[in-house]
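Only one chain is included here, represented as structure tokens and corresponding to the form predicted alone.
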């Protein structure tokens, strides 16, 4: 969708961004983040040609933006800034409709209907706010109008330059939530600049972390939190940030990847021997393709001590067992353990193929890591 190809920007001899290349996929919300002066806003403004690169090119849908008519380019890119950018002498309605009215093919009734739809979309009652002026609105309301105006021409790309940073914490959180909800419905390609990592983690599909004009890591939120590229990324993310977003800790990250298994035709006697040798109190029963069939516990065998030790485990195994997906997060896993008072839960994929095992002890080890990783305060 948006491709940066070796973008460099200099002011005199000062290098603002250097040899930047990366791609933003259609429908993604990508956050550009870094310390003040790192070049993130410069990159954003290059997309709509408010800033011209010293070298390199930017492509939108394969088309070089430097070869497009700049007015046409900007009319197809929504833009939201920190100061809202609303025209103070225009009403809310006039601010939202300014670009659609410039497109002469648009019918006035259609424009009004779209404006009302946009107002409702950002949580403002049209009958109450349409004819007000910006000075009659709160900061949060002004920013909502700014977002509505950015969506007015149904652009493919929305640029947002620290749009919520001047707002109070409560309003800021509300607008972040509303933006995430809007994006889940509309799937626009959004490039969002911020210096706040909490905001980035909350709203981003992918984060582009910039330091001194260069990309130091560009990846999903989950991957950056789990595998920071270097010390700078780790420090910028903050120690133990993953624990403030436990939804990113998945079963696949903490499971035992090679749990002890037996085939369904294994005898009870051999299963007991396997348990003693492996020092476990249960075995997962799988077929040759690793499909999970059931579970056999030591206490089940003990409860039937008089049985024929040569019968197959398939005859006494528990088939109806709780399972989890590799993508289930640690919050969901804890709920399952607590709800069913379990000591272990197998992890299977969508085809019921065994991927691993999470035990109560391995779960406790994972949870304790957040404290073990925290440096002592003297």
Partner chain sequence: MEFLTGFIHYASAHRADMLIRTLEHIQLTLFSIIVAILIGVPLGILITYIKALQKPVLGFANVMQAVPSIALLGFLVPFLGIGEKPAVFMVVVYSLLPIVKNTATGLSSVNADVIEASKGIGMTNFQILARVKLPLSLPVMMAGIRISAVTSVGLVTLAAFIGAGGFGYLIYSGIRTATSYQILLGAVPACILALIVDFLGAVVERIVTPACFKQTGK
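Positions refer to the first chain, counted from 1. Since this is a predicted model, take the numbers as computed values, not measurements.
What comes next is about the form predicted together with its partner chain, which does not appear here.
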property: is_contact(residue 86, its partner chain) in the model of the complex, heavy atom dist at most 4.5 Å; result: yes
property: Partner proximity in the model of the complex: residue 99 to its partner chain, non-hydrogen atom cutoff 4.5 Å; result: yes
property: Any non-hydrogen atom of residue 75 within 4.5 angstroms of its partner chain in the model of the complex; result: yes
property: Residue 135, heavy atom within 4.5 angstroms of its partner chain in the model of the complex; result: yes
property: Proximity to its partner chain in the model of the complex (heavy atom, within 4.5 Å), stretch among 309-317, 344-352, 41-49, 23-31; result: 41-49
property: Heavy atom within 4.5 Å of its partner chain in the model of the complex - residue from 90, 260, 173, 256; result: 90
property: Contact residue in the model of the complex, chosen from 81, 121, 301, 167 - any heavy atom within 4.5 Å of its partner chain; result: 81
property: Sequence-ordered list of residues in 204-228 near its partner chain in the model of the complex, where near means a heavy atom within 4.5 Å; result: none
